[in-house]
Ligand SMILES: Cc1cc2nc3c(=O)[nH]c(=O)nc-3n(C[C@H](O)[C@H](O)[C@H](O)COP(=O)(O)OP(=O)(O)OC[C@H]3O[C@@H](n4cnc5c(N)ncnc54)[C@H](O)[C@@H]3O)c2cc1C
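Below, in structure tokens: the form predicted alone, a single chain.
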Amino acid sequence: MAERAQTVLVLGGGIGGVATANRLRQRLRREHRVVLVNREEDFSFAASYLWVMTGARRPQQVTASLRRLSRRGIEVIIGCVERIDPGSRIVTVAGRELPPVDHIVVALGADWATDRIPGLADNGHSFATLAGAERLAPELARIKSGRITVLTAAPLYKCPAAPYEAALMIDAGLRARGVRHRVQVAMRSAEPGPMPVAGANVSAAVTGLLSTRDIDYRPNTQVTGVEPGRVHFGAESEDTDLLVYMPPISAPPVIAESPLADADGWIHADPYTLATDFEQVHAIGDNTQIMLGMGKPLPRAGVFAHGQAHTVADTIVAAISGSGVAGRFDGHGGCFIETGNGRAAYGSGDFYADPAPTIAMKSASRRWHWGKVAFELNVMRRWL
């Protein structure tokens, strides 16, 4: 018996959404529609923003139009998702209510919450957005003396490695220009240690890297406000000539205000299937809150969104076609940790291990740097 033509609606055009749409299109017959919705036309590869920050990439090298997906048979709608009714599987986009669909994959990510810290946006630079990394690049290129402070603005943020990578890459850039001896580099973290969810061995390895580079690192330091040339940490404050930060995050309002969300505003999807409480509605990536056995959430990082995308796509394909095997996400993942000078470390392992993740750390080398470069090329040339 022929399959009934069905429609899968993917909400969000980041790593998770694009990976889901591609895998669905590759594995579903063409009578089934795959529709991707994103508020912006362009996809940009967030893992490369640090290279934009250092001047190693131009913004156009890590950006592509999502409309290119239409060449592969993926329908693209550009517009803001304003309402999700998961019970009826009806979504409102830019004031238009779309017809009910058969499956929804929610991959809308997390919103920046920079305004939680008074003065942060006006007196600092962030590498966490493409525009921010582009603005930061000339600031780093011109500084010749003084103090640079890199900080995490809250314990919860995207990509646990990124702030530490930023500090290490900034240090490497200053050394390459011969001005590091005149520029202090400080790292202030709201966490008890670098990447604590990855375990004590990874945290110690990253702390060692910072120490080797003479980066003044202080954990458990929560920024409470920023003014020109000064950063406040409660009753204490420090002078700085250039502030570089990773912003706090919050659940997108369309998620937090929907029946999908738990009391904390995030979607608490099933850790293994990514199913929500609503039939044929899955959620992946940064808009989910998946608690680990150690009491911390699964890191919000592209590697997990990618793995979850394949899990959900395979589950939907099996449901529609009546054949194949439903996907299962096992919590494994890895992360490149750029250290500058064309080198990167690599940490990988089982984040679902109980009672705590079991992660192995590979020392920095050119091999892991080129591994990240290869992944970047794969995304930009083969996914879009």
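When you see a residue number, it is the position in the sequence shown, counting from 1. As the structure is a prediction and not an experimental result, all values here were calculated from the model.
If you look for the form predicted in complex with the named molecule, you will not find it shown, but the lines that follow are about it.
Checking a candidate spot here: are Gly13, Ile284 and Gly302 all in contact with the named molecule in the predicted complex (at least one heavy atom each within 4.5 Å)?
Yes, because Gly13, Ile284 and Gly302 each have a heavy atom that approaches the named molecule to within 4.5 Å in the predicted complex.
With the named molecule left out of view, which of Ala154, Leu242, Ile117, Ala162 would have a heavy atom within 4.5 Å of it in the predicted complex?
None of the others qualify; the residue that does is Ala162.
Work out which of His268, Lys158, Arg213, Arg89 lies within 4.5 Å of the named molecule in the predicted complex, going by heavy atoms.
Among His268, Lys158, Arg213, Arg89, a heavy atom within 4.5 Å of the named molecule in the predicted complex occurs only for Lys158.
I'd like to know whether Trp112 contacts the named molecule in the predicted complex, with contact meaning heavy atoms within 4.5 angstroms.
Contact check for Trp112: yes, within 4.5 Å of the named molecule in the predicted complex.
Even though the named molecule is not shown here, does Ala46 get within 4.5 Å of it in the predicted complex, heavy atoms only?
Ala46: contacts the named molecule in the predicted complex.
Should Ala204 be classed as touching the named molecule in the predicted complex when contacts are defined as heavy atoms within 4.5 Å?
Flag for Ala204 set to no.
Answer yes if any heavy atom of Leu108 is within 4.5 Å of a heavy atom of the named molecule in the predicted complex; otherwise answer no.
So Leu108 counts as contacting the named molecule.
Which of these stretches, 56 to 64, 37 to 45, 23 to 31, 317 to 325, has heavy atoms within 4.5 Å of the named molecule in the predicted complex?
The contacting stretch here is 37 to 45.
Determine the residues of 69 to 87 with a heavy atom within 4.5 Å of the named molecule in the predicted complex and present them in sequence order; the list may be empty.
Heavy-atom contacts to the named molecule in the predicted complex: Gly79, Cys80, Val81.
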